[in-house]
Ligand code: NAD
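What follows is a single chain, given as structure tokens, in the form predicted alone.
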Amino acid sequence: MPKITGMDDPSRAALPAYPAPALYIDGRRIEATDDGDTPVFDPSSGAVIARLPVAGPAELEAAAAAAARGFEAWRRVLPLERQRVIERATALLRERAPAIAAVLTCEQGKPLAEAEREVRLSADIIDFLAEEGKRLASRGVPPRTPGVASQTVQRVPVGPAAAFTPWNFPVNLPARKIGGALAAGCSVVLKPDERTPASALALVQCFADAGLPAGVLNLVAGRPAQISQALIADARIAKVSFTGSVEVGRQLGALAAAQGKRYTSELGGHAPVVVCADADAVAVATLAVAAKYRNAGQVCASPIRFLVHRSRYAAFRDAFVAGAQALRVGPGLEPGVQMGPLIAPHRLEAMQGFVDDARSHGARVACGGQRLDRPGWFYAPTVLEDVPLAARVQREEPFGPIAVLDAFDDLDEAIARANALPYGLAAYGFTHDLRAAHRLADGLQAGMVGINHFGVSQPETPFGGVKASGIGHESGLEGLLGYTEVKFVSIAT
């Protein structure tokens, strides 16, 4: 069993003061609307900790109008001046990182150390994008016609963007979208998840306090379907960016396509890990446990299917199971906690559904496999073995603390199994053989491939997938270019 903390006070860890959630439109906080409010929960106890005002038609109209005005002002600001404003915001984000991290943990549940790393990394992501914004160079094309003095290919901001982000990284994911948009000269209407509104608002507040003009960055929340339909249909919104499930991402993509709007999506994955015969099975298992159970497995690039060479399988399994059982599980604000709760009670039901289905197909539960008997929404770190390919967990993203262990005999077989699903976000491989490393790098069908490590997401690198895992990229230069249009200018004398 995992080590369970926080049982002396079964109700909850001591929470810091949780700020009142609000909307933010045209430079103003809105703490109440005519459309009522919705509860915000502490997932470590299940208690309601705040009420979030719901953005209705009036607020959505105001946000779109503000973004349109904000864009016309912000696009004319020189890239160097935009960078200076953005860097003032990221300086505030780093200064406030401990306080923002505590808020993040209150509403999302992850360990406080993970939350603070997320906030600080978000500042790095935004800074990189702002720096790249100064280098959006035009490209000259030699003319073919006499009298044409110059021809240039320019990158110009696409326009106001609607950005939809989920709850699992409530600062990092908005930062990717906000950073790219603002660096390119776009304005933003951000719609964070209603379960984690205060973290996103704290990020927005840093930009407001840094002097970002009113209307350039707005925040709305409430009823997701109503908001997405209204914003995507609004003629003033030129770009849509979404991070979330495949099902919702396809629905929003269809709405954007119907309006002829630019669309970027990151839609999750089912990441395979191929552990070759020459790898250090125990060392890889240690790394894999940390990667798998980070944020309770609620990570789109989380490793799920561990394909281990049969000669190394027993050593890997024993080390991995021991590591999973040793994890300290409890409220994220408690010292030493390594894994917090799931985001909502329905996610507990989803995890149990995956485990029960796997059992019904003949799988073995090596550890975990049940909800922890304590307040809050905690599920034990779980390892499944001998899982037939017909089981749901072999085909559907669990998005939780479930790992599936399988053995393989031939590397080509392992690569084929890794690529068998429609997902293609992240994939990983471990080997000391250079030829095997190149076979994995070339053969694994994913937007991001990590060989001998799990660190595929950095501020300087593009984040995105192939196949059903999405369209386009965020972060890196590619994340900036996604908020630009190509404009060709030819001038004759």
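Numbering starts at 1 and follows the sequence shown. Keep in mind that what you see is a predicted model, and the values were worked out from it rather than measured.
Beyond the structure shown, there is the form predicted in complex with the named molecule, which is absent from this document and is the topic of what follows.
Legend entry - residue 228: touches the named molecule in the predicted bound form, heavy atom cutoff 4.5 angstroms: Within the cut-off, so yes.
Inset, instruction - Look up in the predicted bound form whether residue 346 has a non-hydrogen atom within 4.5 angstroms of the named molecule, and give yes or no. - result: So residue 346 counts as contacting the named molecule.
Inset, instruction - Would you check, heavy atoms only and a 4.5 Å threshold, whether residue 264 touches the named molecule in the predicted bound form? - result: Output for residue 264 is no: heavy atoms all beyond 4.5 Å of the named molecule.
Inset, instruction - Answer yes if any heavy atom of residue 157 is within 4.5 Å of a heavy atom of the named molecule in the predicted bound form; otherwise answer no. - result: Residue 157: no, not in contact with the named molecule in the predicted bound form.
Inset, instruction - Using a 4.5 Å heavy atom cut-off, indicate which stretch of 177-185, 321-329, 250-258, 378-386 touches the named molecule in the predicted bound form. - result: Stretch with heavy atoms near the partner: 250-258.
Inset, instruction - Let me know the one among 83, 172, 168, 338 whose heavy atoms come within 4.5 Å of the named molecule in the predicted bound form, would you? - result: None of the other options qualify; the answer is 168.
Legend entry - Selected contact from 357, 116, 131, 194, since only one has a non-hydrogen atom within 4.5 angstroms of the named molecule in the predicted bound form: It is 194.
Inset, instruction - Counting only non-hydrogen atoms and a 4.5 Å cut-off, give the residues of 372-405 close to the named molecule in the predicted bound form. - result: 397, 399 sit within 4.5 Å of the partner.
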